[in-house]
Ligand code: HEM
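For reference, the chain that follows is the form predicted on its own, supplied as structure tokens.
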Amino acid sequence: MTVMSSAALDRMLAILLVAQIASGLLTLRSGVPATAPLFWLHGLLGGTLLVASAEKLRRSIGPALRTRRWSRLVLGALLTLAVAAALAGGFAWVASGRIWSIGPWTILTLHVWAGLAVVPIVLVHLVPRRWRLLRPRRAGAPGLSRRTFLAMIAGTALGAGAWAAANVSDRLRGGSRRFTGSRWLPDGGIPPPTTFYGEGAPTLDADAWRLRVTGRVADPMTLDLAALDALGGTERTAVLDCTSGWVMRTSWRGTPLASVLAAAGADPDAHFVNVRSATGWMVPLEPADLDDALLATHVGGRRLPIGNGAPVRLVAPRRRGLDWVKWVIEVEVT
């Protein structure tokens, strides 16, 4: 990539960062096999970003120190640190062949947090003067040179090689990952009681618990556990794919969300069904998600533990674990 101009390298880095952040955010809620190409793209972009970032560092550190541009150095150091942490976490997770944790958090969780930390730093870095890197070229402006194009292809090839090498390492170490990158746990068990932000479980009394069904419904309802179960309990096997990096196929028992909506007379033309937690966490489900969604009270043949969302949690097989809302207290049709 040494033949690429500094301006072209800056443009490539800006585009890669934005694309990497966007694809990463999309993966947090992509849970069906049809979205697998999104995860492949995220990995390829990560490898290419690794190569481009190394080249940028090689070119920038010396001149910045000589000219004593301390503010740019500090901002650049923060951005470099966050990008390096995100890339290191992602590649370490893929190559390790196992679920690797630091304290209560997996390396993949730290990868996600580091990636999210990049967002405000990138905005500060781009807004004053570099936002123009993302603008289309003006008519008549010089186009992409052959030299720059070849350098970009070379960088992408090196990035693909880095990503492929990490995957080969995973296979050699006996790793088994789903298309999302999450590692399989044995079937039929009780899922680990993890949460995205690491917050603790709220205090809920199962006897006093109530589910409110509100919004665009003909008959707003308030249900206790017995009334919820009376709407038609069923058992289903579903895959919980947690964004912290593990995945488990196990059995869930509860009431289909569709049965609750039917009992309340939900408007068939509604666009979303918002499922809300006692913690305030909420996920909007689209009509396509409702057929197999379940308000679960049991998992793996046992009563749902509090750490897994008791007394009721959402099971949404088409979504990642981030959207499997725990401690459900409200279903709102909008």
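Numbers for residues come from their place in the sequence shown, where the first is 1. A quick note: this is a predicted structure, and the numbers were derived from the prediction, not measured.
There is another form of this protein, the form predicted in complex with this ligand, and it is not shown here; the text below is about that form.
Legend entry - Interface segment, criterion being heavy atoms within 4.5 Å of this ligand in the model of the complex, picked from 83-91, 246-254, 187-195, 146-154: Careful reading of the contacts points to 83-91.
Legend entry - Complete contact of T279, L304 and V312 with this ligand in the model of the complex (any heavy atom, 4.5 Å): Checked in the model of the complex: no contact with this ligand for any of the three.
Legend entry - 4.5 angstroms heavy atom contact with this ligand in the model of the complex for T35: Flag for T35 set to no.
Legend entry - this ligand contact at L295 in the model of the complex, heavy atom, 4.5 Å: No, L295 stays farther than 4.5 Å from this ligand in the model of the complex.
Inset, instruction - May I ask you to state whether L49 is within 4.5 Å of this ligand in the model of the complex, using heavy atom distances? - result: Yes.
Legend entry - Interface membership of L17, this ligand in the model of the complex, 4.5 Å heavy atom rule: Close contact exists here: in the model of the complex, L17 approaches this ligand to within 4.5 Å, heavy atoms only.
Inset, instruction - Scan A230, L116, A206, L123 and let me know which has any heavy atom within 4.5 Å of this ligand in the model of the complex. - result: It is L116 that has a heavy atom within 4.5 Å of the partner.
Inset, instruction - Note which of A238, L78, A166, L158 lies within 4.5 Å of this ligand in the model of the complex, where distance is taken over heavy atoms; exactly one does. - result: In short, A166.
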